[in-house]
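Let's start with one chain on its own, the form predicted alone, as structure tokens.
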């Protein structure tokens, strides 16, 4: 196959930060995706509708002239989120979900939820208002092995949430394990999952073999090869419960290449090309359009896009960095060749 044309895709899990970083990374997403679910874990977090709408305006103002892109906003769920804010979000035109971070589980999650059962009244309100709940599915317990934290979260918390709130629409974000795939497959149609390009392409050797490579470090962390293969099978299966969510998470290079580097892979620079590479390894390029362009829109009850994008079989080298001298970001696969390129 020399070219691949698909309906313009959407990114159902994206970090764009704010300020100078936002202006650097947003054009990479907007050139390929029509819409994206925007994560609310800024400092301070986006916890109210008014804050989300202000953040949306900042994003729109950072778009290059003539570029069309729609940010879909989310609110950061905390133990002190008022029920009234959930009702306000249900009526807000540009707010599409709430995000649940277990406190301390990942970047900027300090304001997250420490006791999930304590927020069951909030989950009741989300279920009643039919607002999706997006979950970073890891336990933050430092005594739990980092490679087991997703599995333990599913067993200890997610299964209870699903049982107690059978009509709540849930996206288990950036799934990384066989257990997560099995859980989503066994659940109702209101339970879905996003999968990142790095978890489809790499296992934990990418971080650790031959030296520590911090730009492959993300949370949930890359797992064993058998988990990667399970994710690839799920993504390429045509099952509409699994759809594209890059979790592209830019950090300054100085904050990645340090004694305690930040978690997050920056993939927006070549997201669709990376997904095409993964699907090609499974001889499943014919399944990419559903995964990238249809299933997420259907889950969020939004119309599918009508424009198209085209990838060509063309070798190119990913730049070593992006940004200006004061805001340098190193992308995943920096300096390496890809064999698909977005026209």
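This is a predicted model, so every value here is computed, not measured. Residue numbers count along the first chain shown, from 1.
There is another form of this protein, the form predicted in complex with a small molecule, and it is not shown here; the text below is about that form.
- The partner is absent here, but in the predicted complex a heavy atom of 106, alone among 236, 111, 106, 253, sits within 4.5 Å of the small molecule.
- Think of it this way: in the predicted complex, the small molecule has a heavy atom of just one of 263, 208, 156, 229 within 4.5 Å, and the residue is 263.
- For residue 17, a non-hydrogen atom is located within 4.5 Å of the small molecule in the predicted complex, even though that partner is not displayed.
- Shown alone here, residue 48 lies farther than 4.5 Å from the small molecule in the predicted complex, counting heavy atoms only.
- Using a 4.5 angstroms limit between non-hydrogen atoms, residue 72 is distant from the small molecule in the predicted complex.
- The small molecule in the predicted complex comes within 4.5 Å of no heavy atom belonging to residue 178.
- Heavy atoms within 4.5 Å of the small molecule in the predicted complex are found in one stretch of 263 to 271, 115 to 123, 237 to 245, 87 to 95, which is 263 to 271.
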